[in-house]
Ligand SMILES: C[S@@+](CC[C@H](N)C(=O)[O-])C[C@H]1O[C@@H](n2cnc3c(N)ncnc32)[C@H](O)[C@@H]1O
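Next up is one chain by itself, shown in structure tokens, the form predicted on its own.
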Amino acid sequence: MSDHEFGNVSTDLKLSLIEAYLKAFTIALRSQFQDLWYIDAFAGTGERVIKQSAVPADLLPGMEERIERRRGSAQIALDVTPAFTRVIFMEKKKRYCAALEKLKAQYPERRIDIVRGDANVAIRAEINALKWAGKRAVMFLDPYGMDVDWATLELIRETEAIDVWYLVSLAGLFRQATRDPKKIDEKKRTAITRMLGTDDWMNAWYDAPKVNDLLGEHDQAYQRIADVAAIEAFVDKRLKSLFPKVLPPKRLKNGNGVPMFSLFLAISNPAPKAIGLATRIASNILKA
């Protein structure tokens, strides 16, 4: 019933950052707001399975392959004290929702809602059903690939009540935006535009750079000129065009040191006091 997620130090780092922010968030705002909510839009099961590969016996003692079970984002949120007054888990997969129901049963005194379905639809329904005055929330967007629509981010921004941690797949964008633009089919093009809320990425990421060689100065083939850093910077610029405050992202790499994700914190509340508080909390955590 568990998420199968192979061991990766970046996953541990991502969840440790989220946990630290959630703890500081509830401590700082408990006396100011009666309703403090946590929304996990891609909640998984509450735990994750880490597979540690076997180590052959050589000069050092060997080690057999082993499986470790660690807390996922849903369990981490439930462990936070002071506790959130409401926790909302959104998940598309039926068997993951079944695992979340079992997790919920362990906390009969808590207000825990489990919503099965597409995260964009679920977020839209939740936001539109409420009046957000007097409420504050943290939302964690850890999508499968590029599943978060820009229109969803616009709705989050309109609440002026949600701090959103958004894990952006740099690898996904880099892979979909192929070096040769002729290889970007309509499905890929639409997916990138839906995620970024604009098709300006084509002009920003593609060009026909000039080269000066034995044949003189001439244009190379029209191709992607944007590297991972440029793609990350474009996402950062887009988020800053929407939210009152976006902190510099934390780039997460795989075991080989290849950039895979960027973790952004976007603050929807435009009040200077709210921005200042969230920025101080997150900056200290990201620097630690």
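Bear in mind the structure is a predicted one, so any value in this text is a computation, not a measurement. A residue's number is simply how far along the shown sequence it sits, counting from 1.
Heads up, the form predicted together with the ligand isn't pictured, but that's what we're talking about next.
Contact check for E160: every heavy atom lies farther than 4.5 Å from the ligand in the predicted bound form. Proximity of G134 to the ligand in the predicted bound form falls outside the 4.5 Å heavy atom cutoff. In the predicted bound form, at least one heavy atom of A41 sits within 4.5 Å of a heavy atom of the ligand. F84 falls outside the set of residues with a heavy atom inside 4.5 Å of the ligand in the predicted bound form. The candidate spot formed by G172, W205 and E232 lies out of contact with the ligand in the predicted bound form, as no residue has a heavy atom within 4.5 Å of it. With the ligand left out of view, the stretch that reaches within 4.5 Å of it through heavy atoms in the predicted bound form is, among 179-187, 91-99, 106-114, 150-158, 91-99. Taking A274, L15, A266, L22 one by one, only a single residue has any non-hydrogen atom within 4.5 Å of the ligand in the predicted bound form, and it is L15. The partner is absent here, but in the predicted bound form a heavy atom of A119, alone among A119, L78, L196, M139, sits within 4.5 Å of the ligand.
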